[in-house]
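A single chain comes next, written as structure tokens; it is the form predicted alone.
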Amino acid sequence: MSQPHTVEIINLGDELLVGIRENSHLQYLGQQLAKYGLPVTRAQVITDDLAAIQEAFTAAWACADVVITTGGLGPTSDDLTREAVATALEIELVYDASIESVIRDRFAALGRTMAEHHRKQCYCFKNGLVLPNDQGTAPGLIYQADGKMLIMLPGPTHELRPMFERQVLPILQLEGHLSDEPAYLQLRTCGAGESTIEAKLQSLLETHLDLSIAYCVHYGIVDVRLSSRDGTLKMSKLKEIGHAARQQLGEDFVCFGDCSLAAVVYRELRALDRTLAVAESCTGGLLGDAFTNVPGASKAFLGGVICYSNDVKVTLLGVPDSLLEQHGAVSAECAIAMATGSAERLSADYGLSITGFAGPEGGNKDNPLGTIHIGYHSPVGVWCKTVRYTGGRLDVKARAVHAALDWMRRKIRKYKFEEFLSYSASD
């Protein structure tokens, strides 16, 4: 592999700078490139201004071996990336009639006519490469000169990602920029803090001095990346170390790679050939959404109830009025009743529920802001777990969902044998 020393990303768009849209492109491209030993060394977010784009690109082109831009290739007046870069590189833009033909055919398939301003997207670099866009009208562009590579990608996520994975990665591989195998092994953990995970894995660092361990924390999940400090450890050795790390992590280990907690729970349910229903109050559907993001989840996930008001808890889940009056909606008792009610009303084997005070209002002496009660109904028993989080409302909701999924994951694995026996008896 002939690996470039530097890779820079330039994300274009006023909407990124004013906070209208999250810069998910940087996260995605960084993950994809690092996976194959090509880490991003610098990134810039630039306004949709011709001079600003030229300045940023000129600086990046002078320092980097690979420059990737996102956005600014569309048909509107603020899409200036193509023109700015062409000026900076002093190369000619040429009109490609084949691009126009593809755009016209795309609009014709939708029963529409191509507008004149879409012709702007038909210009490409002379002696450059055009990347077809199967999801939109703006093609990607690649240009190489002086041992450097420019990769220009469209801004919409549903256009950028397929283009990058299906076209750009193979080109980078062909040019010798990517490793032949993944550059690191990732272990996903949940339920323990970063410092606790680090302490459990400390002996690995002491045993393997050429091993590098990096941590990434997000909403209760801690991802651990194992890589070779000097390039001498092959993936086979990293996998060997990874399995040793798994043993040291114990129940905190979730999976290798980046599989979601919902997908892990789904796999456990499929292995048992059983089903799940959910009930949630303060998380407002995020728990159910986590399962519907898993392909094929309908084989195990039956559905859920968003029971934000007490009346809905009573009418749809059968939570007793007396229970709510005595213990309140944010209580262990209510969480258990919600979990059991969801399982019974939706005819599921398992029920999982969340109720709590996500903030910034609410809370009381017994249940301060950030208190979350998780209910779990299973064929061998019902339980409740209480957790407390600090932070903003959205952060608390996201952590509550992860806590619920992680707790169910642990419960299923702990009682799998007993539950298997209960299924065998009932079946």
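Being a predicted model, the structure only gives us computed values, none of them experimental. One-based numbering along the sequence shown.
Just so it is clear, the following notes concern the form predicted in complex with another copy of the chain, a form of the same protein that is not shown.
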**OP:** Considering only heavy atoms, tell me if residue 216 and another copy of the chain come within 4.5 Å of each other in the predicted bound form.
**Re:** yes
Original post:
According to a 4.5 angstroms non-hydrogen atom cut-off, is residue 379 in contact with another copy of the chain in the predicted bound form?
Top reply: no
Original post:
Taking 4.5 angstroms as the cut-off for heavy atoms, does residue 345 touch another copy of the chain in the predicted bound form?
Top reply: yes
Subject >> 4.5 angstroms heavy atom contact with another copy of the chain in the predicted bound form for residue 296 >> reply: yes
Subject >> One residue of 332, 302, 259, 91 in contact with another copy of the chain, assessed in the predicted bound form (non-hydrogen atom, 4.5 angstroms) >> reply: 302
**OP:** Work out which of 306, 171, 272, 241 lies within 4.5 Å of another copy of the chain in the predicted bound form, going by heavy atoms.
**Re:** 306
Original post:
Judged by heavy atoms and a 4.5 Å cut-off, are 21, 39 and 280 together in contact with another copy of the chain in the predicted bound form?
Top reply: yes
Subject >> Options 136 to 144, 95 to 103, 113 to 121, 217 to 225; stretch whose heavy atom lies within 4.5 Å of another copy of the chain in the predicted bound form >> reply: 217 to 225
Subject >> Neighbours of another copy of the chain in the predicted bound form among 45 to 69 [non-hydrogen atom within 4.5 angstroms] >> reply: 45, 46, 47
